[in-house]
Each structure stands twice: as structure tokens, then as C-alpha cells.
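Just the one chain here, laid out as C-alpha cells, in the form predicted on its own.
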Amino acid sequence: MIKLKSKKEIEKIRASGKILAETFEIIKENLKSGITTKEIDNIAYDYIIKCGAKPAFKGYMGYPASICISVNDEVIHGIPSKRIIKEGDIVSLDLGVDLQGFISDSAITIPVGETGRDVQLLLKTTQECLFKGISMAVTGNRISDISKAIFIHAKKYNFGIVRDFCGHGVGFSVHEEPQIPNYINNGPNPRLKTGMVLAIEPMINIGGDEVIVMDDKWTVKTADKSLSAHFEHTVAVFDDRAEILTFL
């Protein structure tokens, strides 16, 4: 069941999203070669708590940390640890914030130091896929319009598109209906309505589409060990536009 949000509820999700975006800015300032992923997790936790909110992922389905940190060939759900970030890594950060029961969800992928042109193209294209998907999230369109926009743009560059995980509704819970695939498919295809709040999140690989879940039951990697990027925003659907709620 898709849960529509009122204007007042959307404003509360936006307030959650502002804290999330601020958290990312603080992490960006600290994300350098030599920092551990656990230290990044601590930075996120401390700021979110300071703002009177909670990390939405911590404890969700047993997830042990505040933020998902996935490095290089890790796609999503990487668990923070003593792992040291190195020059040339690309680091995907996926974060949810719960502010008095209103939840926002966003992801970014950040290069550490110098990276090659292929990596730069991956990051640029994945972010473009996100905004092309967002541009289709308006009343009257269907979920497939978002999926198609993402898919077509990624395939221009022959990048792999993760199919095992997808975007989703958000706002009252971490994951709500509808699901939002990043590829063209024949699944459920509801029409978009004003008041929907969606987490749109392309996960794009330099190599193939396939992914594997590691022994920790959380971390997802590319099956061919190719690099992966992940960008996500929480957006509200209106009659004439999609409005990003996880933005400063």
C-alpha cells in the first residue's frame, strides 16, 4: 500500500532531510586517506544525535551501524569497521535520518584523491541517472518512467545496472511501497500521485549487472569485482515537479 503524505508531513520529512544533507557535508570535510569507516560512522551518529534525530538504519533489520559505507567494488550496505580509506578509493555513503518519526534517505559516492577517467565517468553518469530519474517523478507519470530514464542513460555508457536492489517509497518507514527499479521491467507500475515520497537510487557498475551478498549478510559487491557508484535522494511528488527533500 502506497502511503501519501500531506504538505505538513512532507515538510517534516524535509526537516529530516536537511539534517541528513548537513551530515554529508561534515563527512565530506573529514573523508580523507587514513580515516577508518568506523570513524566516519561515529561522525554521522554524533551529528544526527546532536540535531535531536536518530540514525534510521541503526538497528533496522539488525543493521549494526548508523551509516552504510561501501568502498570500490562494494555496491551497498557495507558495515563500518577498522577499514582504512586509501587514496584512489571511491566511497559510497548511504544514510537515513529519523526525525520524530519522519524518515529521509540519501546516498552519495565520493572519490578520495585522484581517480581515473573511467571512475570520473562512472560517478558523473550515476549522478546524472539520479537527476534524470527525479525529473520524471511528477504526478501522472508512472514508476516505469523513472526506471526508463535511469536505464537509458546508464546504457549509453555500457554500464551495468544493479537489478537485485532498487529505490522505494520512504517517509514513515525506511522502506515503503512502491519499489522503483533502475531498469525497464514488467513488474508493478503504479501511476505517480501528488503526496508520494520516493527514494530514487541508481546503483551503477563499471562492469556487469550481477552482485553477490557477502558472508556478513549485508555487504553487497559486484560479482565481477568492478567498481560501483550509488547516488540517492528523497523526493516528493507534486503536480508539476519533483522536489528534493535531502538537499541544503
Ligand code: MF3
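Keep in mind that this is a model prediction, so the values were computed, not measured. Residue indices: 1-based, along the sequence shown.
In what follows, reference is made to the form predicted in complex with the named molecule, a form of this protein that is not presented.
Given that the named molecule is left out here, which of I206, C68, V220, L192 has a heavy atom within 4.5 Å of it in the model of the complex?
Of I206, C68, V220, L192, the residue with a heavy atom within 4.5 Å of the named molecule in the model of the complex is C68.
The named molecule isn't shown here, but in the model of the complex which of K148, R142, H175, R163 has a heavy atom within 4.5 Å of it?
Contact with the named molecule in the model of the complex is made by H175 alone.
Since only the chain is shown here, I'm wondering whether D94 would be in contact with the named molecule in the model of the complex (any heavy atom pair within 4.5 Å).
Yes - in the model of the complex, heavy atoms of D94 and the named molecule come within 4.5 Å of each other.
Do H168 and the named molecule share at least one heavy atom pair within 4.5 Å in the model of the complex?
Yes, H168 sits close enough to the named molecule in the model of the complex that at least one of its heavy atoms falls within 4.5 Å.
Using a 4.5 angstroms cut-off on non-hydrogen atoms, would Y60 count as touching the named molecule in the model of the complex?
Answer yes; at least one heavy atom of Y60 falls within 4.5 Å of the named molecule in the model of the complex.
Is H153 one of the residues lying within 4.5 Å of the named molecule in the model of the complex, judged by heavy atom distances?
H153: no, not in contact with the named molecule in the model of the complex.
Taking 4.5 angstroms as the heavy atom distance cut-off, pick the stretch from 178-186, 38-46, 60-68, 206-214 that is near the named molecule in the model of the complex.
In the other structure, the partner sits against 60-68.
What residues of 221-248, in sequence order, lie within 4.5 Å of the named molecule in the model of the complex by heavy atom?
Heavy-atom contacts within 4.5 Å come from E232 alone.
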